[in-house]
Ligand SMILES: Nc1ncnc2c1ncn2[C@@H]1O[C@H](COP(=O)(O)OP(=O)(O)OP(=O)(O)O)[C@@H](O)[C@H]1O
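Presented as structure tokens, the chain that follows is alone, the form predicted alone.
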């Protein structure tokens, strides 16, 4: 269990000083465009993973004229344990504290409170490049497969070493071969863990896709990131000349991709933008459900601008599916009426105006 019970926000965009105590289930955040409602979700994301979901440039998130942003969050964990997290970010500043102790690892924050985000740009999971789909599958790997993160970090260190060696004019096959062995050992484990996770996720994804979009024939296939019938080590040996010319390792699990299809046709080719958003949302919500069933852990869900590109019927189906999940949910919208007749499922409503937040009855 990970429930956000309190969050204090300082200097996150136009939220200069706000504090809320959200409900453990459904929270609706209402405000006009530019009022700060998405910034509140952004602050929750900062507390959970130490970064924004809207930009890689943290300086754009810090309020104008401020040196740094500060977010303080309290979580209720299992057995009534309260855990406190502090995040300070700014130009050259990155400080994280868990229960008053400095932490150098964002992974520690992420494990404390699993968090998923669904935004108007969620269709990018379907429409854009492989890195979006790698992030998707690796989120699940990080939270569900405890063996994944250590081997992924080991792979990352080895590939940096191989790439550095490839950039040396004196690089030899024997020198590169040392790193080929290490990368091959990691690749085997990473690919098997990813395949196992996707196989376990698929029934959940099909159920969510059918509930949200009426699609029952969803398929997910892993492309491991390199082509070859033999081992990855053999492939790297054959690719030595090309990698040497390029100056980096061109193929491997760091280039993996997913093929997401319906009736054998890639979803990007047959679905509208709104339908792509629903399929992408179904995939993320299926990860949440799998996490609950596998580890009996709930997840914090941030849903920015729920009505975007969805008609009334699909919005209602979306909220009905959310209500089946044992999650803490934050939904932002410009008007409560856009939630339709599902407004009664909201536990707390927060109104945001010009960077100020007020809890409404």
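Residue numbers count along the first chain shown, from 1. A quick note: this is a predicted structure, and the numbers were derived from the prediction, not measured.
There is another form of the same protein, the form predicted together with the ligand; it is not shown, and what comes next is about it.
The chain is drawn here without the ligand; in the model of the complex, the stretch among 312-320, 44-52, 295-303, 31-39 whose residues come within 4.5 Å of it by any heavy atom is 31-39. Contact annotation for the candidate site: 26, 284 and 345 all lie away from the ligand in the model of the complex (no heavy atom within 4.5 Å). Put simply, residue 61 is close to the ligand in the model of the complex: some heavy atom of it is within 4.5 Å. Among residues of the shown chain, residue 326 is not one whose heavy atoms approach the ligand to within 4.5 Å in the model of the complex. For the partner-free chain shown, 13, 14 of 1-15 come within 4.5 angstroms of the ligand in the model of the complex, judged by any non-hydrogen atom.
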